[in-house]
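Just the one chain here, laid out as structure tokens, in the form predicted alone.
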């Protein structure tokens, strides 16, 4: 999982949007609980923003160079699927630099 340490090289900002209590956001909350500390330790200068709002649909957004953003809806995904979606966003950032 070496890609986890490459977040800050390919992404300028990472945002997670979720509801504090809805079942639709439970996997997103589990993802934050299990992965935030390691991701922040490996990428200390990368802004990782956790945005909670009642009733919001869970989403993962990555901002790249020149203001380019990509988002993924997380509803119905498991915590490992969210991790895979993040990996895909990192790889998308690599292709934008090429």
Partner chain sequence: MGLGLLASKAIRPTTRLINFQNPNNLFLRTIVSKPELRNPEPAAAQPEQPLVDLSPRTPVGGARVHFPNPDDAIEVFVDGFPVKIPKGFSVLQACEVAGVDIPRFCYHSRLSIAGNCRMCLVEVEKSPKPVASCAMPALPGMKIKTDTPVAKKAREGVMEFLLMNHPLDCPICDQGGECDLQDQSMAFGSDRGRFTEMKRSVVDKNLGPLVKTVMTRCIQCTRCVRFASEVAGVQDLGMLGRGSGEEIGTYVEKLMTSELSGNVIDICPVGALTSKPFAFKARNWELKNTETIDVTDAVGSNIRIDSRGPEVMRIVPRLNEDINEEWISDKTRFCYDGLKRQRLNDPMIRGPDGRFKPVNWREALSVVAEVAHQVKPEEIVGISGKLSDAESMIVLKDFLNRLGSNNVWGEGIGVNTNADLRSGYIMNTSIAGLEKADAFLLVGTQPRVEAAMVNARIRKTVTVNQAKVGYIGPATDFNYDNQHLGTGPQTLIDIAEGRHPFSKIISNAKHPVIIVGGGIFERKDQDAIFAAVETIAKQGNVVRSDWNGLNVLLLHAAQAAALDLGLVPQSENSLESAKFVYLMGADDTNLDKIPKDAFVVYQGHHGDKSVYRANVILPAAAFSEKEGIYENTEGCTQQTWPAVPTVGDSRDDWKIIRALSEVAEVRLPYDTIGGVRARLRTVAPNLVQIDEREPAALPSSLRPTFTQKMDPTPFGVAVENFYMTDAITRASKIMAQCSAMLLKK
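Residue numbers count along the first chain shown, from 1. In this text, all values refer to a predicted model and were calculated from it rather than measured experimentally.
Another form, the form predicted together with its partner chain, is not on view; read the next lines as being about it.
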{"property": "Exercise: residue 73 in contact with its partner chain in the model of the complex, heavy atom 4.5 Å", "result": "no"}
{"property": "4.5 angstroms heavy atom contact with its partner chain in the model of the complex for residue 78", "result": "no"}
{"property": "Contact of residue 86 with its partner chain in the model of the complex (heavy atom, 4.5 Å)", "result": "no"}
{"property": "Partner proximity in the model of the complex: residue 17 to its partner chain, non-hydrogen atom cutoff 4.5 Å", "result": "yes"}
